[in-house]
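First structure 1, then structure 2: two forms of the same chain, each alone, as structure tokens.
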Structure 1
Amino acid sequence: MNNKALRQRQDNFVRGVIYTLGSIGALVLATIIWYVVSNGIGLVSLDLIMGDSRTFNTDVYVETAPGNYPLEGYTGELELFYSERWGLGFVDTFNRAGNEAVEIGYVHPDSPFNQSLDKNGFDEFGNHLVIEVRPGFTIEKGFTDTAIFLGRNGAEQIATIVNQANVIDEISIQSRGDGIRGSLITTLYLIGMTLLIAIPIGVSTAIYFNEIAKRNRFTNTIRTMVDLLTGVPSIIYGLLGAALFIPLLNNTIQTAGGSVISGALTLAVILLPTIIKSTEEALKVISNDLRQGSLALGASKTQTIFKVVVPSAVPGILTGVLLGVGRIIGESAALIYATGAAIKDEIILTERSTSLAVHIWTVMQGEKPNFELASAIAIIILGVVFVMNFVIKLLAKRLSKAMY
């Protein structure tokens, strides 16, 4: 009896340990999600996704006379101080460094500030560049025909001064910046180009292994070589991109250093093992009856592969593709070498750029890492990756239910 109680106590202790250690994973996942969301959710907006990454400072003015632009449809949360004569609203807020600042809170759709002129920027004909003043721009200072104002005057006073003005000589603005449009577009380019390269090669390789190759030493050797790719860390792939693809592209299509294309080529190599593996898994479960039926009907081997085998393997290929997309979105180490880590706003395929993940890497560097922006991008990446995970699971369920 005593023994039994002792054993029970021991068992319960061990059970407790198992439950505790077993729940650590869930705890960690919850902490990561909580951290990323609580830090980044404030930044996630259309502005972030569509905005430029760079801030620019400049002075703008308008040549038109004041008009009457009644406030309509302001939905912001902050109190807006509005100048009806110029169609411009100001809000008191804090900038990213945490200091008080006055921002543009609203611009009337017909306001002349939608087409204000840049005092310092000129196009090739010597005309002033047109700048669209948008909500979120910070006001540094300005002067009108009647008064001068500074950012620290506060939104209310600035709005009054602006409203009294008949001519606006100059407003110094700073655009918001820290947008991720460039990196988002690069990521989409990378996904498209990488899949375009990796799918044909990967699927053909899987077909070769499963449908064509004879069991001999040659096949075994190349299969082992492909399998070895799985264990290669991504930073090593990055070195491959830097040592092979970048010089190759520099010498053929005259790129200068890393480019989106060299990144895509590198990522394609990274994806190959994944795509080959999942395609092969799908090919393996296709019943031989189907192949033999097709051959017996007089179809050639080529026809059988393209019209019978490949269509049946589509869910498996899709799984590989989705896994690959997740990998592309999250890949950082390889791309730091293969495409560089310079954030760009205008994407040119033959030039350096950053994907979303490398964007995080770049803003986390230096003395003051930008946790808010990094977390906001992380929310987007995690969202995509988790949804992808869910879809893959769904596909797998479908796949196992499908009849072959």
Structure 2
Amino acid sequence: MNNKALRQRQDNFVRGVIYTLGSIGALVLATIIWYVVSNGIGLVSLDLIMGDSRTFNTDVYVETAPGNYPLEGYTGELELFYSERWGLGFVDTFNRAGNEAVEIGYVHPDSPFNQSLDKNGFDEFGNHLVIEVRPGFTIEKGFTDTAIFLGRNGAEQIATIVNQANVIDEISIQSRGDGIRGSLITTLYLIGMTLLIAIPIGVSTAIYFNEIAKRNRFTNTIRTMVDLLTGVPSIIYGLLGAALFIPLLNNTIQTAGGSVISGALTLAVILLPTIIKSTEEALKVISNDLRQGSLALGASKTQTIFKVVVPSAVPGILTGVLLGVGRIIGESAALIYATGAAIKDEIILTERSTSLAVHIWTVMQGEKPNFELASAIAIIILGVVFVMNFVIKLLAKRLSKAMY
């Protein structure tokens, strides 16, 4: 066998290994995406994105007597057990944890439970708040003038008990929110605040290293430390946030424990090495001819840096920012310590909250993790990353055209 044939066989072998390994990587990635999409796409909706996460519990009752409310217009898929005397229908279902539960499946338009009274809520005049009982509310327990029932009794038995009652003393209802609006807003706050802190510091540091500082033992040591920080596990940064930023903010702006601000400061520290390295690499790519030409035309070194070099490196800097955004959105371990895992609908920067990634961690806790909701949130995260990638790449492309 001649050398040419041997080289050809070697090339074919190497090419085959590369194709095989590349195909395995693509298959693994496709499998992950398929799993996430197939499990979560059914939950992705505007209600999920904009809905409350808060679980609502209360006890309701009515003061009116029973009437006659024939069933009309029910189109649900689940078998309905209906009380004509009170206009309430019940269905057997499963809660988010996978346990058997009973829900309100239908409420007659004229049912007194459209104007039920909240035993636990009062208005400014001391009157009970009016609660509209709606389909989807879970039944916890109830008290009538003839019997007591629990949610685990099943829809048929509850409907029978309710239908025999002349007085409804109390029904405990629960509306569990599965929305992620608060987590989404927290994530956007974290992205904005982190970039606002990390970009000026990171870009300035990179400019100093590449354009101003001399090569010596001190700067080489700093560069080595920056490289090391890139590989530090994020949970270590979370400990930094809990030990440094939280006490600092507690003593200065009177926060109470973790907060969105402490989370943003922690993420900024995580992001700094990435922005420094990517900006420095972007600056190194700029030809020295541009620097020399600017200086030859009489510009100072500062003018050359900020009017010639940095503008030319902006597309590369934005690429580093893009990588940073992905890191921010996907971070969870550090934020558990620095921001907390409190799923909230009202976001206050000085209080605990949760990001989308931490929200996934929260719903996956316990003996029966919620894979469907976690997958739906993952799809939202991928959507946010895609939109931000598109915007940043479009901005970088336009800046490149403007420069050249």
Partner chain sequence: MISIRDVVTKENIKRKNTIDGVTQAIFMASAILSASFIVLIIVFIAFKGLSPFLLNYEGYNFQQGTVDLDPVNPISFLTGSQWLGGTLGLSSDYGIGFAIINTLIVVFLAIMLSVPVSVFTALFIAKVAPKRLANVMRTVVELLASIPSIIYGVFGLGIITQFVVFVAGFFDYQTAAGLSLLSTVIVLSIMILPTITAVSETSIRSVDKTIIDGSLALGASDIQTYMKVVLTAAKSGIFAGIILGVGRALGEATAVALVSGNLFAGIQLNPLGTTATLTSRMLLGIKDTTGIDYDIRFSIGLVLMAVIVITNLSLNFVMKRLGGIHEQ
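Superpose the two forms; the largest set of C-alphas matching within 1.5 Å is the rigid core. Owing to the predicted nature of the structure, the values given are computational and were not obtained by experimental measurement. Here, residue number means position along structure 1's sequence, counting from 1.
Chemist: Of these two forms of the chain, identify the one that is the form predicted together with the partner chain.
Modeler: The form predicted together with the partner chain is shown as structure 1.
Chemist: After a rigid core superposition, would you say the CA of Gly326 moves by 2 angstroms or more between structure 1 and structure 2, or not?
Modeler: It does not reach a 2 Å shift.
Chemist: Would you say whether Thr144 is displaced between structure 1 and structure 2, judging by a C-alpha shift of 2 Å or more on the superposed rigid core?
Modeler: Yes; Thr144 is a residue whose C-alpha shifts (by 2 Å or more) between structure 1 and structure 2 when the cores are overlaid.
Chemist: Does the distance between the two CA positions of Ser83 reach 2 Å or more between structure 1 and structure 2, the core being superposed?
Modeler: Yes.
Chemist: Determine, in Å, the CA shift of Thr160 between structure 1 and structure 2 after the rigid core is used for superposition.
Modeler: Here Thr160 registers a C-alpha shift of 18.2 Å.
Chemist: Core overlaid, Val385 C-alpha shift between structure 1 and structure 2, how many Å?
Modeler: That residue's C-alpha sits 4.0 Å away in the other form.
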